[in-house]
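In the block that follows, a single chain appears as structure tokens, in the form predicted alone.
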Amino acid sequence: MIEQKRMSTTSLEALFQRYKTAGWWILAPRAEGDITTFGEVDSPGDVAAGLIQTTLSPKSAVLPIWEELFRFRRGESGIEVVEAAESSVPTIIFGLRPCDARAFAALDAVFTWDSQDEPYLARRNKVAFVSIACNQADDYCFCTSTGGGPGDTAGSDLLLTGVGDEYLVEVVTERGVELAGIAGELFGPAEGMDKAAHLASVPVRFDLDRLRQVLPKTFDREELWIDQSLRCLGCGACAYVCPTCVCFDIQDEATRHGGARVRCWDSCGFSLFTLHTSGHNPREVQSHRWRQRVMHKFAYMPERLQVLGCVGCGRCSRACPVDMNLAEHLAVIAESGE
């Protein structure tokens, strides 16, 4: 059962200091030039304010853009392998939106599906989420169409909702109980606080059940996928800002004396993503790559992993240089004939 507390907004500074004293590293939205991403902060004053959503998601806290899996070198007895040292520290991701908190369920499903991804889990098990409910939204937001909402608690350990000069604090998980206990004197009883009145309005853009019913039957409708993908540049911007995209590449960066095996983000939208050594490419045109992106998130992942591959954050549409809008495309598919 979710426990509710209240906290003054002026207590954030003390909350941050309690967490830092307890050994937690805090990541929160930070402005870096024209973009906002999640970076280390020391106090609430370092946190970017007034955002509907950050440009980049907090995904890299558990799945870095680039990581070294191990090093290898040529020794006297042959190739010697040195495993990468684990350097992650207990981390609080503060100020992420409810959609981002929900996104980690999709990552968890992928990286614990047929095997346990040890580098991922080493970081994931040390991360806690203190989310802030959305009091504003824009036309790109469609979380309510994917099973979430501006005040959704799923995935959060603590969820803060601004109510005047106070926060309604919802303690969602056992880790949330731990986080609340670190600064228990900052919290009080929450009777009489109306959460719903302070949440953004996010209209439903499409019927998710209808979409999932129709989508598998559209696979061979070439005209649909061509029409939706005509503007696509294959730039991968949508994948790199998405909180649930998990595609990666593994490469060896080496000299004759040794090197490192590294994992880095990739995208099914890239023309080389499925290129075989033979030269054959099973997704040789962009319409097929766009179809794969939509099918993977809304058909394949729910069927195989029982989790949706999209949380409706809208980042892909905001970042698209040619103004492709995922929610609009999904609405067209959901409303199309079978």
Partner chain sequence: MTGLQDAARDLLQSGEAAVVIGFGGGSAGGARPLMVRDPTSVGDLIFDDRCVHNLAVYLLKPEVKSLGKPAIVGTQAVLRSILQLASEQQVKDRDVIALIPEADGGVRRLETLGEIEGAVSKPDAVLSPEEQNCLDEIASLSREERWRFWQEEFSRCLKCYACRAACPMCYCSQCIVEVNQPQWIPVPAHPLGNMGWHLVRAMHLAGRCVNCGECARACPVDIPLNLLNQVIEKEVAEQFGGKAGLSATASYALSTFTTDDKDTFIR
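Residue numbers count along the first chain shown, from 1. On a predicted model such as this, the values are computed, not experimentally measured, just so you know.
Below, we turn to the form predicted together with its partner chain, even though it does not appear here.
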{"item": "Its partner chain: the contacting residue among 240, 187, 120, 206 in the predicted bound form [heavy atom, 4.5 Å]", "value": "240"}
{"item": "In the predicted bound form, the one of 48, 65, 295, 305 near its partner chain [non-hydrogen atom within 4.5 angstroms]", "value": "65"}
{"item": "Whether 227, 236 and 262 all lie within 4.5 angstroms of its partner chain in the predicted bound form by heavy atom", "value": "yes"}
{"item": "Distance check, residue 274 to its partner chain in the predicted bound form, heavy atom within 4.5 Å", "value": "no"}
{"item": "Contact test in the predicted bound form: residue 231 vs its partner chain, heavy atoms, 4.5 Å", "value": "yes"}
{"item": "Close approach of residue 325 to its partner chain in the predicted bound form, 4.5 Å, heavy atom", "value": "yes"}
{"item": "Contact test in the predicted bound form: residue 251 vs its partner chain, heavy atoms, 4.5 Å", "value": "yes"}
{"item": "Which of 282-290, 295-303, 22-30, 40-48 lines the interface with its partner chain in the predicted bound form (heavy atom within 4.5 Å)", "value": "282-290"}
{"item": "Residues of 22-41 having any heavy atom within 4.5 Å of its partner chain in the predicted bound form, listed in sequence order", "value": "32, 34, 35"}
